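Below you will find one chain, with nothing else, as structure tokens; this is the form predicted on its own, and questions on how it binds or moves follow later.
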């Protein structure tokens, strides 16, 4: 296992390896650990949703701490490891737990595992999270397929020269969430009888939950859901040409809506309640991706 000192901050001052070199080193180590399986689909499992990793067959697990330059996950319920194997005949690598800005990590540290999965050959990213529902037509336990996002984190992993060294930083985010994958996910939900919507996601830095006044403002901006993750991952994925699908589980109504006063326990409880539906939906989506691969 790597020592904590070796998990260097990407933005540490002084002589250091470039981000490109760090990714190469991390990819070499992770590729070797998963026996060069070349995963086709990368999955980021959000709060309360990590149980899906147990659905992966012939699984190989690699703790984040065993991958050079990867930060550890400190959020409650986030195991902090990669799980590689097969689901429905597709090669998958899942992050059982993610990295967040509110844990004290830089935008590039949050994006690092996404770029890393691309270096392993992963072409499609499914990023998932627990979110608060702003749209009052949504209910706790519903899923929302992201059609677009509003980035209010105040951060972007492409800032500076590092990311520009291996892919152009001035990227378009038009249809950042792949229309074909969105349609596929909504169709899978309909077939399985799982409540799902399509809407705009708003990403914040956190870690505090939003105020009722902020939620009213976000509704005015056109947001349907809100949480503290995803947007930096999506920017990183599109930066290196990955197709992206984003899915939220609405674990609570956003603050002030119907008297809602969200807390972290509620998020995890609803994740456990909807775990079976989430597993079914993910399998349905992966079957669909297999059909168009």
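Just so it is clear, the structure is predicted and the values come from calculations on it, not from any experiment. Numbering follows the first chain given and starts at 1.
Keep in mind that the form predicted in complex with a small molecule is missing from the display, and what follows is about it.
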Check your understanding: Would residue 209 count as a contact of the small molecule in the predicted bound form, using a 4.5 angstroms cut-off between non-hydrogen atoms?
Key -> yes
Check your understanding: Though only this chain appears here, would residue 63 touch the small molecule in the predicted bound form if you measure heavy atom gaps against 4.5 Å?
Key -> no
Review point. Using heavy atoms and a 4.5 Å limit, would one call residue 30 a contact residue for the small molecule in the predicted bound form?
Key: no
Check your understanding: Quick one: is residue 252 in contact with the small molecule in the predicted bound form, heavy atoms, 4.5 Å cut-off?
Key -> yes
Review point. Which of 63-71, 244-252, 33-41, 231-239 has heavy atoms within 4.5 Å of the small molecule in the predicted bound form?
Key: 244-252
**Study point:** Listed residue that, although the small molecule is not shown, lies within 4.5 Å of it in the predicted bound form (heavy atoms), from 130, 145, 125, 83
**Key:** 130
